[in-house]
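A lone chain, given as structure tokens: the form predicted on its own.
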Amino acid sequence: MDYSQFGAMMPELIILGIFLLVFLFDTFTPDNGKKFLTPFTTVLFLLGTVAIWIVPGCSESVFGGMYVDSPACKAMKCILNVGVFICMLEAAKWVETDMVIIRKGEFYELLLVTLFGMYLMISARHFLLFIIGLESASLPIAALVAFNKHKYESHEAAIKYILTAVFSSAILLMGLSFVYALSGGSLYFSDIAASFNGGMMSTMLLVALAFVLAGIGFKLSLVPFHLWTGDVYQGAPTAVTAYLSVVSKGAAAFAFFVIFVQVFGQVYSQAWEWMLYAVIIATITVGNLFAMRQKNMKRFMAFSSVSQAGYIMLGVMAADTLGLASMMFYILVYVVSNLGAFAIISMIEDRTGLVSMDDYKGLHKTNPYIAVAMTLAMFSLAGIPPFAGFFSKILIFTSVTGSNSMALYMLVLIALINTIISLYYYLLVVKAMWISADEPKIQSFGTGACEKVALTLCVGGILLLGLVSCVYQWLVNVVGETFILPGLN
């Protein structure tokens, strides 16, 4: 075996190196030195992210074609790192609480293991490696969801998550077994794509695609595979919920695009195009309808994230390089917008224990800066100009309509109608903070240094990402130069 091939896995090696250093620091540092674990991990992860950015990607596949780290993959990994870095900043105060402080090393270690699994999902070009990455990303999240071990809701959320994760993995493996049979005994993406070169269709292929869609749809909370989302988001610690809502979705969305476009691109119009039509429409619509009914802010954000997953999937419907670039830009904007909202939810919950939307009434009177930041996050998630969320929606809609397909035009029209509907429930939060005449329940409070940095990064991203067009153009160039897509029928 040529061990030099491991050099192509530099992002994964960097994350493993950070994990080992954090583990050793947590294990061997005396108790009086444990207070430095959070800054040590955060700074080390930031340096690792810079290193991943600087080290050139390997466009050639290694390990017999199982793994590739192209510039497009590296860009997606850096986007995930931005989300993880913000999550670490937001969790800095929570991990120092009496309930968590003794296990804060475990929190960071589990976080890094799940990120390592997501890296493998992004770079996998063989279904065996993809499954290893998927399980490495999924199983530690169950431990993170159950991190508040003295709270019944956290236990319940973890049990629901692990049971649905196991069930979805079984469905995915069943679908892959059908794909293995249809491709003549291969799990390589390229070999499977070649076996469908003539646009071959069969009942088994439709069943296989449906099973694969269901298995990956669980990670993305696509309807009807979303039922775990509300309970898990509500029961998990808010820092974990924030991580689960953006980072996990980003990795799954990229992997979804690669699998369906690169592997099954030849049967796009005959097989999975109409499947995704139904799933995307149901996801956006059901997410909106359920979000309207929520008063608990974490459940509210859960069904908001379900709806947002439908918009992310529009990039897969475009099935071209512009669609992937638009999807990656949407994920980046979604990271800063969603984590900005969760930063405020976490701050309020940690200090007051309040999580209801009604508790936010009159927030601008006691915490005006927090209210402004939450308003910007809601405006961006709703797609209101001139904030970043507006541009991300416009770009992903444009990528879908580039094929001049009437069906895709109708899909975008339905998504636009749902965007108008979503304005209602996002503005409910804004109304509670700014217009309600009730006396505020949340008193004025200060924010920690890490929380200020996290919120500043999110607000800066919301204000600038849509206006600084070079970010999107850079993604288009990276994807166009490095991501090879088959011709679609």
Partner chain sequence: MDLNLLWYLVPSVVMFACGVYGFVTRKNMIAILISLELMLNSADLNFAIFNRFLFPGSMEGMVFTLFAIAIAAAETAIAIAIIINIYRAVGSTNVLESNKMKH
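Residue numbers count along the first chain shown, from 1. Computed from a prediction, not measured in an experiment: that's the story for all the values here.
Separately, the form predicted in complex with the partner chain exists; it is not shown, and the next lines address it.
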I'd like to know if Ser169 sits close to the partner chain in the predicted complex, meaning any non-hydrogen atom pair within 4.5 angstroms. yes
So, in the predicted complex, is Glu96 in contact with the partner chain at a 4.5 angstroms heavy atom limit? no
Should Gly184 be classed as touching the partner chain in the predicted complex when contacts are defined as heavy atoms within 4.5 Å? yes
Given that the partner chain is not shown alongside this chain, does Met357 nevertheless sit within 4.5 Å of it in the predicted complex, heavy atom to heavy atom? no
Partner absent here, but in the predicted complex, which of 184-192, 254-262, 346-354, 328-336 has residues with a heavy atom within 4.5 Å of the partner chain? 184-192
Please pick, from Ile394, Ala407, Ile159, Ile101, the one residue with any non-hydrogen atom lying within 4.5 angstroms of the partner chain in the predicted complex. Ile159
Listed residue that, although the partner chain is not shown, lies within 4.5 Å of it in the predicted complex (heavy atoms), from Leu411, Ala75, Val316, Ile131: Ile131
